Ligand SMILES: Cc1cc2nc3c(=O)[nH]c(=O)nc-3n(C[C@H](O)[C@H](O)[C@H](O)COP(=O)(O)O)c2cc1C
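This document opens with one chain alone, in structure tokens, the form predicted on its own.
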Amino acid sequence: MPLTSPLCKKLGIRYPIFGLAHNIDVMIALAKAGGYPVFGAARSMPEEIADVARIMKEELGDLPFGIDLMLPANVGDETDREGSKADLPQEHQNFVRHLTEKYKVPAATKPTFFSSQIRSQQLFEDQLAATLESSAHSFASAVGMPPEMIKRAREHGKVTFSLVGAPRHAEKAKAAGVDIIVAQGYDAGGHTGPIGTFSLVPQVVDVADDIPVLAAGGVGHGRHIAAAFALGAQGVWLGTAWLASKEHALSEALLNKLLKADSLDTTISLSHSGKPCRLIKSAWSDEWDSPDAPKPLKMPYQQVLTADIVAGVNEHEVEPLIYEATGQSIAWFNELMTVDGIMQRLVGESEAALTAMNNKLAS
């Protein structure tokens, strides 16, 4: 059975496979392979968002693509990162200094988004303005989707996606007028909620009514995609899959860690941002889970606290501490492949699974 859904026709894509990544080469390859790319721009400055959208439009022509932001309402108006850094609790500063010395983390030689910025409502507004003014076909929000932003996105002709982790979040998204709801289960990498994908998706489908739903969290095989249709979804949303792609070009230390991992090698931790976030297990998450560690600070202050050491870890590939947001589906991505190769595998497995299901039901 061919892998398709009404949403494919509506959006002008070949397969109902939506992919999120922070890498533009992955996004371009995904679109050309028949999927729907959504660039994760939460770590991008407004001018970078504009540049990414321009390049993707030039490369993809009429093929659609989206831009994803984080818009948490509980982040304040503070824009002075250095001032905020100076006010951090001494206990937390001492703990980060201890980790730096224990693992001999060299100082980073170049700034990163988090070592130069603090998440604030002003930054979110600037990111959103750049997204809405861009040539992106859609706008997605991973955390937070205020109704006024839905209205603004529609005024700019954007299709809107809202990622939700509970039925009540789906109710709010529906009331706000979102076009597509992504039901992201506990299995997912990155910021995620407490309900498993298998339980969450049908509940969100029931709430959504005629709004299309995508299943996210733990999707690593075509059988997962076939199961998503059985749960009432019209497609799937994947992020972890593309970390194991040649186009993503992760550092050797991080890639090796991911390719060796299975589902038990991920963990939910507050250590990344102050919000529950599924990461690949590492000494970083272990240290923050230790009895002697202070409780991670709330967003955005945890990343103000840790940005410098994380920048050093990533730049110098300090293997014990290096980590990435990674879902439980990493168990199915233990081989370095091209994005097109990953797509072909998923599509082939999905069509085989759908055919097998149909044959069993018909026998």
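From 1 onward, residues are counted along the sequence shown. On a predicted model such as this, the values are computed, not experimentally measured, just so you know.
The following text describes the form predicted in complex with the ligand, which does not appear among the structures shown.
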Given that the partner is absent here, state which listed stretch (335-343, 351-359, 19-27, 6-14) has heavy atoms within 4.5 Å of the ligand in the predicted complex.
-> 19-27
In the predicted complex, the residue from 57, 298, 32, 43 that sits within 4.5 Å of the ligand by heavy atoms | 43
Looking at 201, 219, 136, 170, which has any heavy atom no more than 4.5 Å from the ligand in the predicted complex?
-> 219
Does residue 161 make contact with the ligand in the predicted complex, using a 4.5 Å heavy atom cut-off?
-> no
Contact between residue 329 and the ligand in the predicted complex at 4.5 Å, heavy atoms?
-> yes
Non-hydrogen atom contact residue 239 with the ligand in the predicted complex at 4.5 angstroms = yes
Heavy atom to heavy atom, is residue 142 within 4.5 Å of the ligand in the predicted complex?
-> yes
Between 168-190 and the ligand in the predicted complex, list the residues on our side with a heavy atom within 4.5 Å.
-> 184, 187, 188, 189, 190
